[in-house]
Every structure is written in structure tokens, then in C-alpha cells.
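Single chain ahead, written as C-alpha cells, the form predicted on its own.
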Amino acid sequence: MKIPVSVESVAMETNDIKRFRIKHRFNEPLPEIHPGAHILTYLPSNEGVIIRPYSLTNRTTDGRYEIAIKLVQKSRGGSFRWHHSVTVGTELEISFPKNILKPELLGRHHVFYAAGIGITPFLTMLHWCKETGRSFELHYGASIKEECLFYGYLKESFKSETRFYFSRERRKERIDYYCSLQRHPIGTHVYICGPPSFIENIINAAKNLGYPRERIHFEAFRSNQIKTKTSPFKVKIEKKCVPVKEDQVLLDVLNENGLSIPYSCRVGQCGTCEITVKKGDVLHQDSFLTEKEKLSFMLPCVSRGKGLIEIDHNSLNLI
């Protein structure tokens, strides 16, 4: 189910990040926002509908949503169109709010590690921590102060809980996450968002220091880009064999062929679109399935087949 909305305002936050305020097209209040929530945006284009996930950055109860979008230099249409074509009054559709990342109620201490645009999912979570009296801290890295998204807002609202790191300024500071992780008390939950290498390094450091996996949380939105050069392949569904081109996403191909497979994040992180593979080899590119699960399942939002794969139609959780 989608919600019809329009863009109410657009603001330039940094040289390459814009903030968009969205309202219901028929002036109804948008659904309640929970800490760490995101939405899928369905933006019409000449090439079809561009679907992208974006974290909600506001916590207001006025029935509006706000998202911040960074212009990616090699954008395949998502951020480029948002930055160059979307203006006040632009109409589109969005999903209901969804949560991959959310604060753990039983956490003794909450530590947020953000880099660049990775601050966006944490804004609502920081407010939740403060309003409910939770212990928390934020470590936020950016190249320079001028490129630090919501710098003034964070300094005013969470001054005592936030430490900034600017890698291209005189002191050339970077987050010493290994040292930081060692100082946190037992029962700490760690939340990470930023570039893939940033997330991976902190996850590995936390694991090496003995953090239980269930206390490490991360969000890694990206567009549906293939991390490894791949070739076209085919997918067999019952007696039908469907081709998937190099630049196509398997999830989209399956839905275009009438399967209506549910999805949420579209980045291989939530497991909503999981399907069962009966035969064939899969190029797994998700961060959700375990190695054992990858022997039988795949996430078609990011993963691909090799040659010919066959999926189990009877196991599909169709909408």
C-alpha cells in the first residue's frame, strides 16, 4: 500500500545534500514515525518508477516527513533525479514507515557511529534516548565541518553526548572506534551507519572485542547496484523461464511477472523478499542471510543467479 504525497519544501543543507519535506497530497496526516524508521519513495521518471529507501530525519507530530538525500556522483537515477528534477509541488508516492534499525529497549547504553549521510537514521533515535532518559553517545565523522549534516542542530540538541571528527581539517581526526568500543559497559548496543567499509570495520572491531552479534546494529542503504560485474541469467518459475538482464534486479523481474513478492529495504538487509532456491548457483550480495541459509535461500533485491536458477513457487510469501 502506497501513500500519495507531494514535496512541500526543499532546502540545501550542504554542497551535495538536500533536505525534502513531504506532505500528504490530500492534506491528511502522515502515519506516526518510530525511532530509526525509513520509507520507500516511488519517484516517476521517463525510464519508469525509481524506488529508493530513505531514513526519516524528523520526529515532529505535524503529519509531515523529512528526508535528506546526498547527490551521488555516479547516481543511476535516484539521487540525481531528486536533486535536479524534484521541486516544491512534485508529486510521488511513498510507503508506510518501516524499521530495520531501531533502539533496543533493554540496552544499558546506546552508542551511535555515523559517517557523512549516515547520520540520518540516528536523529529520531537520539531524541528517543534523550526523552526516555537512556544513556547514549554519538560519534560522527565528516570531511569538514561545512559538510557535516545537521552540525548546528546536533551541537545544540546533543552537545554533551556528541563528538565530531573532521578528517580534512587541521587536526585530521578520525573515529577511533576500537578504543571507543573498549570503553563501553556490558550491555551496550552499537548502531552504525555510513559507507560499507566504515560499517564493516566497526562490526569487525566489535566482534573481536566480544560484542554479541545481537548487540550490533547497522543500516546500509544504497541503490540497487551490483557490487560485482555479472552476466545475464535466467530464472525458472514452475514451467516458465524468465530472462534477467545485466542491468535488471531479480526482485523487479519477478514482480513484473505477476508474483508480487513483498519487500522493504531493497538493499539485502531486512529479509522481507526472501525466496527459496531449488536449483542453481547464486551470487549472494546481501547482509542478512547466514552462510547456512544461503544454501537454500536468496534475497532477489540484491542477489543474482549464475546461468539458470529455479525458485520454489510454493514457498513464496506473496502479497
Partner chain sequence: MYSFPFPFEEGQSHYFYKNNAVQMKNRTTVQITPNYLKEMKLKRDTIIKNPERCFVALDHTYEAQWEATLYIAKELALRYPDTFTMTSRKYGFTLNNHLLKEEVRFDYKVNKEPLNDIGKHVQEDLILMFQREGQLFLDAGQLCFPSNWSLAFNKGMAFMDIHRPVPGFQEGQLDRRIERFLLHLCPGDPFERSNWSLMAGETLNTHLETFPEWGKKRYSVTEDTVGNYVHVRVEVQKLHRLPKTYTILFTIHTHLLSLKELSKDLNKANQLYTILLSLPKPIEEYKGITPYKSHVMNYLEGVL
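It should be emphasised that the depicted structure is a prediction, and the values quoted were computed from it without experimental measurement. Positions refer to the first chain, counted from 1. C-alpha atoms forming the largest set that superposes within 1.5 Å between two forms make up the rigid core.
The form predicted together with its partner chain is left out here; the points below concern that form.
Chemist: Could you work out which of Pro262, Gly63, Gly48, Gly258 is the residue within 4.5 angstroms of its partner chain in the model of the complex, going by heavy atoms?
Modeler: Exactly one listed residue reaches within 4.5 Å, namely Pro262.
Chemist: Just give me the single entry in Gln285, Asn58, Thr276, Thr272 that has a non-hydrogen atom within 4.5 angstroms of its partner chain in the model of the complex.
Modeler: Looking at the other structure, the residue within range turns out to be Thr272.
Chemist: Out of the stretches listed (84 to 92, 173 to 181, 159 to 167, 97 to 105), which one is close to its partner chain in the model of the complex, meaning heavy atoms within 4.5 Å?
Modeler: One stretch meets the cut-off, namely 97 to 105.
Chemist: Is it the case that Pro53, even though its partner is missing from this view, gets within 4.5 Å of its partner chain in the model of the complex, heavy atoms only?
Modeler: No, Pro53 is distant from the partner.
Chemist: Do Glu32 and its partner chain come within 4.5 Å of each other in the model of the complex, heavy atoms counted?
Modeler: Although its partner chain is absent here, Glu32 would touch it in the model of the complex, with heavy atoms inside 4.5 Å.
Chemist: Taking any heavy atom pair closer than or equal to 4.5 Å as contact, tell me whether Glu214 reaches its partner chain in the model of the complex.
Modeler: Within the cut-off, so yes.
Chemist: For Glu293, is any heavy atom within 4.5 Å of its partner chain in the model of the complex, or not?
Modeler: Close contact exists here: in the model of the complex, Glu293 approaches its partner chain to within 4.5 Å, heavy atoms only.
Chemist: Counting only non-hydrogen atoms and a 4.5 Å cut-off, give the residues of 175 to 194 close to its partner chain in the model of the complex.
Modeler: The one in contact is His189.
Chemist: Does Ile275 shift between the shown form and the other one by 2 angstroms or more at the C-alpha, the core having been superposed?
Modeler: Yes, shifts by 2 Å or more.
Chemist: Once the two forms are fit on the core, has Phe297 moved its CA by at least 2 Å between the shown form and the other one?
Modeler: Yes.
Chemist: Can we say the CA of Ile39 moves by at least 2 Å between the shown form and the other one when the core is superposed?
Modeler: It does not reach a 2 Å shift.
Chemist: Could you tell me whether Ile117 and Cys270 have their C-alpha atoms closer or farther apart in the model of the complex than in the shown form, knowing the shift is 3 angstroms or more?
Modeler: Compared with this form, Ile117 and Cys270 lie farther apart in the model of the complex.
Chemist: Do Pro300 and Leu40 have their C-alpha atoms closer or farther apart in the model of the complex than here, with the shift being 3 angstroms or more?
Modeler: Farther: Pro300 and Leu40 separate by 3 Å or more in the model of the complex.
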